[in-house]
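Quick setup: one chain, the form predicted on its own, written in structure tokens, and binding and motion questions come after.
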């Protein structure tokens, strides 16, 4: 159907962003191809240690999923922060990715989880890292007039691995975040074996604070190491002045606060898991 329209049609699922864009004249497509009745795109499942989420799955379904809550809780937290109940029950996680905004709550968690996306094109299907889908603010490398993302996948968090999501906004619902961050920490005994931190919006795309996360690996997650990681994340972040979100100086300072909070929550959760395993 997309091919028959020659670039004048595009994919729609929840439409919570696309309908508004169309009303504002920001979407030039003359037809919408609704994918919500295509079989096999509504799944949340685990296969061989990987969690798969189909293109029809809404934020509300992700937030409520027992599988996501137990094996990727950071994503459940993030999707539970999107908009309000009406938006969460209609808008899809894949649509959140296609919109390619650096502050999208679901996308920030997916970056922390190092997710991949399956892209269906005329030539076939391919898996690609989520970072390759972002070309700038609102610019997705997958053209919804010629292709579609059919599903997402990422490795389920294992024993001793816990994620946490933190969001700073003017109110709790129906408002864009001033900042958001997702952190994942994996412990082996009393040492950090794995860490990953994603932050938005502090760059043109969701930002992965690699250096900040790496400073934790191999160390005990104490006040000194967590503070150092949070400071490095703030130094690497490059937020801009915004009338909606505040000054760059303020947001840069708050990156440190949010990253520290997320890391501590993740460490506490991972430590609790380690303790439960030791006592079982």
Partner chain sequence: MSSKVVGQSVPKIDAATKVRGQRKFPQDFNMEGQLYAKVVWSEYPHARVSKIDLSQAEALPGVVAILTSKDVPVNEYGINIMDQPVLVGEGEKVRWLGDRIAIVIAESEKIAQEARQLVRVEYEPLPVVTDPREAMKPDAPLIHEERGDSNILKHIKIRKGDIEKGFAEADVIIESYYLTPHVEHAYMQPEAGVGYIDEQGRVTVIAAAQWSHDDLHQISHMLDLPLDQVREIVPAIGGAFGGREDMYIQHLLALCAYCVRRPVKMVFDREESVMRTGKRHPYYMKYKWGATRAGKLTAMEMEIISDAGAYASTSVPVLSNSASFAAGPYVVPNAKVDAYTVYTNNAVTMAMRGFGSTQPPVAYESQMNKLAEALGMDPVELRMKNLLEDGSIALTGNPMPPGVGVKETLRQTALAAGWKEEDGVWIKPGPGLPSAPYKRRGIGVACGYKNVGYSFGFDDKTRAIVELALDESGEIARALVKLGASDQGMGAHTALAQIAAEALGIDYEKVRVALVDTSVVPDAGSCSASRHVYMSGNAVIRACQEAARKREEAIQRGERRVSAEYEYHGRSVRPTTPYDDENGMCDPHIGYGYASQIALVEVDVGTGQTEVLKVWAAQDVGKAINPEMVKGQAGGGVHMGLGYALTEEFIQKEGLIKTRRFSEYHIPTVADMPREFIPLIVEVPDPTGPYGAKGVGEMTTLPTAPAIISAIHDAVGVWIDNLPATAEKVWRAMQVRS
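Residue numbers count along the first chain shown, from 1. This is a predicted model, so every value here is computed, not measured.
This protein has a second form, the form predicted in complex with the partner chain, left out of what is shown; the following refers to that one.
Flag this candidate site as yes only if 131, 134 and 235 all have a heavy atom within 4.5 Å of the partner chain in the predicted complex; otherwise mark no.
None of them does, since no heavy atom lies within 4.5 Å of the partner.
Among 123-131, 199-207, 165-173, 152-160, which stretch sits within 4.5 Å of the partner chain in the predicted complex, heavy atoms only?
That would be stretch 165-173.
Given that the partner is absent here, does residue 253 sit within 4.5 Å of the partner chain in the predicted complex, heavy atoms only?
Although the partner chain is absent here, residue 253 would touch it in the predicted complex, with heavy atoms inside 4.5 Å.
Is there a heavy atom of residue 257 lying 4.5 Å or less from a heavy atom of the partner chain in the predicted complex?
Yes, residue 257 is a contact residue.
Report yes if any heavy atom of residue 247 sits within 4.5 Å of a heavy atom of the partner chain in the predicted complex; otherwise report no.
Yes.
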